[in-house]
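Just one chain follows, in the form predicted on its own, and it is written as structure tokens.
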Amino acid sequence: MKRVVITGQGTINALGTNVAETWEAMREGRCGIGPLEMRDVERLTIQIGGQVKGYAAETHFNRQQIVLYDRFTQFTLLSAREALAQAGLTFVGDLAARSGVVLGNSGGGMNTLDENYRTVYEDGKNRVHPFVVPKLMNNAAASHVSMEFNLKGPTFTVATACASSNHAMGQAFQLIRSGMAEVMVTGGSESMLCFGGVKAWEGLRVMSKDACRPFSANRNGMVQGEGAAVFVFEEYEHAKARGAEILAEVIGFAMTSDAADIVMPSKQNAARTMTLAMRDARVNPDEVGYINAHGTGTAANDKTECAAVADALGHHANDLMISSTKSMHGHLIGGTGAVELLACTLALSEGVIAPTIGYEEPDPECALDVVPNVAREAEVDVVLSNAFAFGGLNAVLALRRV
């Protein structure tokens, strides 16, 4: 099977408008969660989020593009531009035919839905813009990335709630490893921070009103975020031949289903997914130095995930580091695994472990090294990135330092 490496990465999220700013925020343990700025925010019970503040679409796109691009698509395109600029790739001829896009997304054009529901129901208008459907569909971002960069290979969107990005990146990895593609642009995005999006999530009663505190005994729920992260996955020999800078190697992937409950996670299947990812990567548990946790800050997820890590990694669970960067950028739902993979490449390429901020009280049920509040310098060779979604859909990636 082919080897797969990462040769480019890009992002925009609550911590920064690019990778450098995001990595700096992770190093500093800076929080991007704050008061929401949106229409009718006073009608919301939850009024905080990891919002991309000060963003102006007009700075990056013309009027014709904005008509076609929902906010989640805009975030994706900006991230893809940064990633592909770093990779230094141009797609023509056979390379264009053997390169594609696989992205994760859960809510689609939620801002477009919200705006047009208001147009019809609140403003009483009988018509909406003819491009509403292509603007809100989940595959819009993948399609626009393929068009902007002439990517003519496998192109699609994966929607598996909070595991969407990890599933997407896993599919991109497998497409290259199997020889079906040479280069894949992959990652994920989400922008549900509009009135309707937040109001819907309020109904689940899993949201915190004040902060995201994963693994802390006084945690009281998740906090939503928005943004995107995009990576260039490339076949190793192709990258080596052109002298590309290699950020990390993707070495394993696994996915499972709990087949049990729509919202409650399963310790057994979370552990099984990590075990299968390590088996696919051909690494032993004692080779894993860091795990980027799903770590939502809910009581059920955090204790279940810590128990699963203990089961999957045995005694070594007490020796590795595990952190949740959702404490800083919020939970990006379908895009969260992509932004969290940036913490993994930071660990591998820079030797910096992003912290779990907001940690205040030890929890006996989360008694692992959760890198509380302050980033740590540590050399690690292998990392795992966990995603355990509503619907019982699990996806774990394994990466190695190059």
Partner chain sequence: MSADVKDKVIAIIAEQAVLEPADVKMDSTLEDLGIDSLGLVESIFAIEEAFDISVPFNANEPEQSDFDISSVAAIISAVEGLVAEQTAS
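Not measured: the values here are computed from a predicted model. Residue numbers count along the first chain shown, from 1.
Another form, the form predicted together with its partner chain, is not on view; read the next lines as being about it.
Contact annotation for N220: at least one heavy atom lies within 4.5 Å of its partner chain in the predicted bound form. Among residues of the shown chain, M207 is one whose heavy atoms approach its partner chain to within 4.5 Å in the predicted bound form. When its partner chain is considered in the predicted bound form, T298 lines it closely, a heavy atom lying within 4.5 Å. Using a 4.5 angstroms threshold between heavy atoms, M264 counts as touching its partner chain in the predicted bound form. Only one of 138-146, 100-108, 199-207, 168-176 places residue heavy atoms within 4.5 angstroms of its partner chain in the predicted bound form, namely 199-207.
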